[in-house]
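Single chain ahead, by itself, as structure tokens, in the form predicted alone.
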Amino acid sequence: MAQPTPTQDDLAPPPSLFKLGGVLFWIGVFSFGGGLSGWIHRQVVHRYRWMGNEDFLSGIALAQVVPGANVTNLCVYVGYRIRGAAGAAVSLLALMSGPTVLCVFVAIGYHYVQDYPVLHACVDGVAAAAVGLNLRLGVIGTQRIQRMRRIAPMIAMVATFVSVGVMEWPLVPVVLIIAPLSIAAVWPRKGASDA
């Protein structure tokens, strides 16, 4: 059963920097194979109610258009929205510190276990779970676009999916063309109704 999404009025008070860092640290440590955006969404929006769904989805959009890794950009955004500049710094450090240490140890020991088929099966299973989390987040974003009852965002979403996912065109040129068109299509105009 889907959990209700918190509105701006029923958000929890901002957590301590220690609590925020702790949540993101464990997300970083246990997020094998990707899917971090979906897990961050589940924790920050639904479990702890530190952010609203609309604010979080705006952060995802911003994280994807600025340079850098999407999840680190999202982490900085989330930390900043919850606790300001200190929250952004703590969030990024917490998310990256655990995986960095684990990656060093895994790299050291990988050549001892690389020939075991069970390792490859585990990695495949974790990757499938990560894809599922990302699909869930895509469904949430699509539902937001449908609630807006505007055709332009839906066209932009489908055009981006077809261009990059089906036709395999390079992402940057596609975004550089579609993003300005999408923004222009929904930009508020004087005298225009919000229908």
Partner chain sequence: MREDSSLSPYLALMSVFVPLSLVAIGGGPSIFAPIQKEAVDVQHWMSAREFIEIFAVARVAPGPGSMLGTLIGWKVAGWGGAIVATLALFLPSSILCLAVSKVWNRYRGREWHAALEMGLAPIGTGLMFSGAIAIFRMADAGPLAWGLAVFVAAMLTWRPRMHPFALLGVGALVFNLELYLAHSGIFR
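Because the structure is predicted, anything quoted here is derived from the model rather than measured. Basically, rigid core = biggest C-alpha set you can superpose within 1.5 Å across the two forms. Positions refer to the first chain, counted from 1.
One more form of this protein should be noted, the form predicted together with its partner chain, which is absent from this view; the next part is about it.
- Shown alone here, Gln146 lies farther than 4.5 Å from its partner chain in the predicted complex, counting heavy atoms only.
- In the predicted complex, its partner chain stays beyond 4.5 Å of every heavy atom belonging to Ala94.
- In the predicted complex, its partner chain sits within 4.5 Å of a heavy atom of Ile178.
- Contact annotation for Arg83: none of its heavy atoms lies within 4.5 Å of its partner chain in the predicted complex.
- With contact defined as any non-hydrogen atom lying within 4.5 angstroms of its partner chain in the predicted complex, the contacting residues in 55-72 are Asp55, Ser58, Ile60, Ala61, Leu62, Gln64, Val65, Val66, Pro67, Gly68, Ala69, Asn70, Val71, Thr72, given in sequence order.
- Once you line up the core between the shown form and the other one, the Cα of Gly109 ends up 2 Å or more from where it was.
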